[in-house]
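This document starts with two versions of one protein chain, written out as structure tokens and named structure 1 and structure 2.
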Structure 1
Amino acid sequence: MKRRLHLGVRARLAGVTLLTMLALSACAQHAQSALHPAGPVSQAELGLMGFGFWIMLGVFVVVVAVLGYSLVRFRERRGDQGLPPQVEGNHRLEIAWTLIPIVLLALLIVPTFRATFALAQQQRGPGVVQVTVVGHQWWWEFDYPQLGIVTADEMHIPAGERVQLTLRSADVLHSFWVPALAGKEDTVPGQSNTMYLEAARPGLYPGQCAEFCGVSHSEMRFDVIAQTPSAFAAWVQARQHPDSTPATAQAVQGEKVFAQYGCGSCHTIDGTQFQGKVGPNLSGLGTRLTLAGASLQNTPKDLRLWVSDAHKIMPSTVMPNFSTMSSSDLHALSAYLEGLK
């Protein structure tokens, strides 16, 4: 009796734990799903996945049905002796279970090849936005060569227009993935890969590095922000003509702190003397939604946390800690950076 009670308690605890894990798994702040396509590329890929799923489900149902029928129809009965009749050498059956897989594979291969070649086509023309994507440990660089814009961890695109991506890596193997807009594509050191995507409507579409690339791989997230064409044009105008002049006395002091601590040797701020290429471009930082691969919200408090102890947020990052920076300098620096619009 006691043993049954213990087993019952364990079963209930296991059930509660499982339900809690399932509930928490739906609480991601950077939620991503390939099952809710938001563009023609992801829609085509999901359609292909769905087509394959229904074929495989049909095969599963037929196999289970035949297996169930066989278990009942040919079960051992009282008085049976020896083996039941065998089907070895039945040419009709052998031809059937050879041809059926060939037909099923053909049904899968033809649309797969068609979609693969269609989605691999280079997108060109005046209406196509060209973006060079570079994976770094552990952040994403987005370079718009036609527009003269470089930014980090947020890729702005016009909704309803195709975006051609050239994918590269600055260090190790990464994988670029925006589930709602397109499938995965690796960024390989010394090699350029290509893909394109398109957002059918404005919105924020989270992305993720999908290839283990080091200690902080899970923090290598980014956002694709699809805007109306007019809003995207305004963003381009703002990035091409940045106003990096500090607007307050505290921000002026923050610019001096930025120079004093050598931040400009790693980071670029357009329109200033700071032209470092090691870390992310900080131009327009004040308009971004998140920091450090979407690990932090872009608030002055979180920005100060990142600057003072970056390794606590993202282990093994090349960003040094500035734990010895005084509180007044830290507040001034955050005011300067948050003022970069």
Structure 2
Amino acid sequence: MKRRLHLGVRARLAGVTLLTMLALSACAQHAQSALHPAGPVSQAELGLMGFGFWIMLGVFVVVVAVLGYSLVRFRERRGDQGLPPQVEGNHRLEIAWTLIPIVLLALLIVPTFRATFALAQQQRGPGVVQVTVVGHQWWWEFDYPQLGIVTADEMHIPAGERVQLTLRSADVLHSFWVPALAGKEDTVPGQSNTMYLEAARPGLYPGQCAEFCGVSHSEMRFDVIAQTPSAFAAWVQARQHPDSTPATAQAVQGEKVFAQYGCGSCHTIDGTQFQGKVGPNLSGLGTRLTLAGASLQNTPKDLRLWVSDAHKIMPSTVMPNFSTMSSSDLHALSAYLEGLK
């Protein structure tokens, strides 16, 4: 099966800035790495990881040096006789190696506390973009309550601004993780968690569910697309005024197929009679980069593959296999869905 982030940039993706694409091609390898932070939250976390690491490395070097010296210096040699001095202890030494770790840990714990409280702060208010993230088996729903937008698989945020997240789950535990932007926070059914993140610059930051959530856990991915504030505003504008009218004859046929197969009982398409809530909201599907928990590239071909054989890509997904759908119906359906703007 094809994976996302394939670099075949296509003209359809005009909704995403060219800059994003460039950033993507430049560092796709590190896009999901906690070692290449792209925002203040992940930067702060990396700072603490590093601080802890250097302290630990220091201790490790001491231990290994003492160990190595002992092994070489005090190894048994031919002709050794008698016993070495039977030293049973040394209170001063023992107190020393109790106190020194305490001091080192005290050094570590101060910034730890500070960062723990700082990262737990919340900001509400009209000026802060609020996103409600809902984990589903196996896709992510992103709601923008202030903006009246519901989307899936990709979260658009303005770069350089703090974004406040509320995390929920529709079924089991999931964990929301965009390594380059922020550490993870679990989505717990029956509970709302909060976190915030910020992308310092526009770019595409892949994320993934980090808490085991069932058979296709490994396919539960998503992208965070950070855009310049103006591009973000344009995206919001487009999403608030979705164009759901089929433009071609084939697309008109596709809309009928969509209705005929009952797709609308699970999926919502804004501005139509399709208002199902089980699966992802499909409004503006044509502008998205990926499909199906970001496990597929958004191409008409992959879309048809997904509709006809979803369980091959994502075993046990709620999405049924429409394997009996005729080829022409499939093509019509993909034309309709890819035409949603």
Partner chain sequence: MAAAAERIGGLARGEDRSASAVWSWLTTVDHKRIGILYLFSSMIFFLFGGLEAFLMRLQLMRPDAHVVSFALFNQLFTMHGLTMIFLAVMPMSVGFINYMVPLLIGARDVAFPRLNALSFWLFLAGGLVLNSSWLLGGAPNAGWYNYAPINTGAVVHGVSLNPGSDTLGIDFYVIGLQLAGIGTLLSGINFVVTIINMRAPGMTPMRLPLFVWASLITSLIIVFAFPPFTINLVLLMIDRMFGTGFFDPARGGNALLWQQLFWVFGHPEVYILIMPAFGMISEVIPTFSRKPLFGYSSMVFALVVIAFMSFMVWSHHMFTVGMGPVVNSIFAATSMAIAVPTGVKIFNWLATMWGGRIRFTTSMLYAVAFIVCFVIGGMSGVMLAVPPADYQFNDSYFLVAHIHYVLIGGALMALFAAAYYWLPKITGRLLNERLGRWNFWLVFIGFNVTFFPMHFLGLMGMPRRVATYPANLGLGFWNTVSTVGVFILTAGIVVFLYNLKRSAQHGELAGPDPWDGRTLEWSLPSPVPEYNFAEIPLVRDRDPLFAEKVHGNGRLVPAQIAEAHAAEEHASAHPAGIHVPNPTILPFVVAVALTVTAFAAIFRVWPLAILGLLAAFFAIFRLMYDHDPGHYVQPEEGAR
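Between two forms, the rigid core is the largest collection of C-alphas that superpose within 1.5 Å. Residue indices: 1-based, along structure 1. Values in this document were obtained by computation on a predicted structure and should not be read as measured data.
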(Q) Just verifying the output here: the form predicted alone should be either structure 1 or structure 2. Which one is it? (A) 1
Q. After superposition on the rigid core, does the Cα atom of Tyr69 shift by at least 2 Å between the two structures?
A. yes
Q | Rigid core fit then Arg201 CA moved by 2 Å or more between the two structures | A | no
Q) Once everything's superposed on the core, is Gly148 shifted 2 Å or more at the Cα between the two structures? A) no
Q.
Could you state, for a rigid core superposition, the Cα shift of Gln81 between the two structures in Å?
A. 6.3
